[in-house]
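Shown next as structure tokens: one chain only, the form predicted alone.
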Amino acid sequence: MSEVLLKVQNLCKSFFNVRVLRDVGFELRRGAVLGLVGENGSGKSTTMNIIGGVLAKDEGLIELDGRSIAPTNSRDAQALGIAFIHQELSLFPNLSVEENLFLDHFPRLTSALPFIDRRKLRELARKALELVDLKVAPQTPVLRLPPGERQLVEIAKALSRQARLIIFDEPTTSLTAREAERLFEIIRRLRAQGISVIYISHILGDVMRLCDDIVVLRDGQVVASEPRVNFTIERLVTLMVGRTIDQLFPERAPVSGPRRAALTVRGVSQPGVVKDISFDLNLGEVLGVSGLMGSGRSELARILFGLDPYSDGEICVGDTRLVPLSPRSAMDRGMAFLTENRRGEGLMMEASIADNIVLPSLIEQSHGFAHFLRPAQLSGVARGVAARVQVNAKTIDRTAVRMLSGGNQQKVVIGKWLLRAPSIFILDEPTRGIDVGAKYEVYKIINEMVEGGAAILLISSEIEELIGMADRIMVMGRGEVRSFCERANFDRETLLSAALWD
């Protein structure tokens, strides 16, 4: 039996006469973890979608166990022993955990009648959940699970199919640090059992600690394929972006002079969500918000923007109290909100880039008492914003947002709010799921806004990102503010300790 499980040679793929993969080739050994890295749009997902049967290749050869394969759909790939865990989860929130796990192959009471054997289903579901150490009742509706546990259900679904090759596409995106460590331990167990893994991630530190070999893609081509010991994070970054990045976070002058509050929050509470939240967000500063998953960070952001209610306290923009609080009233007072779920809440995936950019500003861009719209003017405005945030697309009027990479989708979300020139910008995980090059561009946009006098509330799960970008950091835990930390006193261990304290 050959040591090589998967062999890819000269893989090519084009969309609308645009070549996105050029002679991609690599090998994956049995029981090995192969890291696949590259900027958004480099061809990682396209390559894996071809292997996973989601897309058809134009040219090239894929061999599994020495046999040429060409899966035409995900069911074909599963039959070959290939499981693909996508970045965007494919779970049905209205169904139970056990129903999601066995949706396409329910155990039946008899082979003749289409009745589900519920007892066997529950037993099989418990065994599948044990594979990822997830202690939830199989009959629990998925919509009741937090994002991290939903990700683990997706992983359990793949593991229950006895796959020989498992592809993980950004699997830690929605996981806490503890859940991520659990995932890494699962991957190590898979490797020990002889199962091969392809691990795609923008978190290069995780790739370096987890993988045996690393393949780097840039512009649809393999620029390096070597054992992990040959790489450093600095070399990976250089190979990915085609240039050196001297620092991950662009320089910005610190806040100076007297502080003037843009947003004042006093005693904001909502039972079971947040409790007695008080802080000031000043013009010309970045206030970072740190905390574990479930600490109340995203819930607070939604309350501030008027998406969710609060029972006590007050929220003021400048000297004006927002009553009643709603997204429209928040927007009218110069607030903007970038949600952590860009695909589900931040974008119309089937609409064009231009339509997404101008959507929040249609009233402001309209004319007359009847609010007439001028398409040519809107198109010109959208092109200007797209150029400002460097969206990589040739025709923004005809290109659907779903066709863009994750990094470019995030730029569209940011761009649509920049068109309103907000004075207060709430950013919830603005760089989640995007590559190091796109992150740097997002950071530059944040700095430009702050230097222009805007106030930024930056929520992030990456402590290094907060340390690199924030002027102050507010640590949250269990829906409460634990502490504040000034830039001069930033310390990773101190911030973690405050977040973990009970």
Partner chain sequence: MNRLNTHTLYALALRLAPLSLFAALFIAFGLLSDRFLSLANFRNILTQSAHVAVMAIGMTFVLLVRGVDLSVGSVMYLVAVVMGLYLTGLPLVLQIPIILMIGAIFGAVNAWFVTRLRIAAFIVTLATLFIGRGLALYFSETKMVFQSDAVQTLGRSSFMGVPWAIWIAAVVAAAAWVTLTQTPYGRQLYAVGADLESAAKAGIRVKPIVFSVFCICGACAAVGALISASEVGAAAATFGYQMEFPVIAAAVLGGTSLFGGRGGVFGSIFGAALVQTTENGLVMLNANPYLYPLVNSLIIFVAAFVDGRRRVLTERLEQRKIRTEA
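Numbering follows the first chain given and starts at 1. This structure is a prediction, so every number in the text was calculated from the model and none was measured.
Another form exists, predicted together with the partner chain; not displayed. Remarks below refer to it.
Chemist: Is the partner chain close enough to 122, 182 and 491 in the predicted bound form that each of the three has a heavy atom within 4.5 Å of it?
Modeler: So, no: the whole triplet misses the partner chain.
Chemist: Among 100 to 108, 209 to 217, 126 to 134, 421 to 429, which stretch has residues with heavy atoms no more than 4.5 Å from the partner chain in the predicted bound form?
Modeler: Heavy-atom contact with the partner occurs in 100 to 108.
Chemist: Decide whether residue 296 counts as a contact residue for the partner chain in the predicted bound form under a heavy atom distance cut-off of 4.5 Å.
Modeler: Heavy-atom contact with the partner chain at 4.5 Å: present for residue 296.
Chemist: Classify residue 74 as contacting or not contacting the partner chain in the predicted bound form by the rule of any non-hydrogen atom within 4.5 angstroms, answering yes or no.
Modeler: Judged by the heavy-atom cut-off of 4.5 Å, residue 74 is in contact with the partner chain in the predicted bound form.
Chemist: So in the predicted bound form, does any heavy atom of residue 94 sit within 4.5 Å of the partner chain?
Modeler: Answer yes; at least one heavy atom of residue 94 falls within 4.5 Å of the partner chain in the predicted bound form.
Chemist: Taking the partner chain as it sits in the predicted bound form, is residue 118 near enough to touch it, meaning that at least one heavy atom pair lies within 4.5 angstroms?
Modeler: Contact check for residue 118: yes, within 4.5 Å of the partner chain in the predicted bound form.
Chemist: Exactly one residue in 114, 227, 205, 258 has a non-hydrogen atom within 4.5 Å of the partner chain in the predicted bound form; which is it?
Modeler: Only one listed residue qualifies here, and that residue is 114.
Chemist: Please tell me which of 274, 167, 240, 396 lies within 4.5 Å of the partner chain in the predicted bound form, judged by heavy atoms.
Modeler: Answer to the contact question: 274.
Chemist: Within 4.5 Å of the partner chain in the predicted bound form, which residues of 303 to 329 have a heavy atom? Give them in sequence order, or say none.
Modeler: Heavy-atom contacts within 4.5 Å come from no residue here.
Chemist: Relative to what's shown here, the Cα pair residue 272 and residue 147 differs by 3 Å or more in the predicted bound form. Does it come closer or drift farther?
Modeler: Closer, not farther.
Chemist: Given that the shift is 3 Å or more, do the Cα atoms of residue 272 and residue 151 end up closer or farther apart in the predicted bound form than in this form?
Modeler: It is closer: the C-alpha separation of residue 272 and residue 151 falls by at least 3 Å in the predicted bound form.
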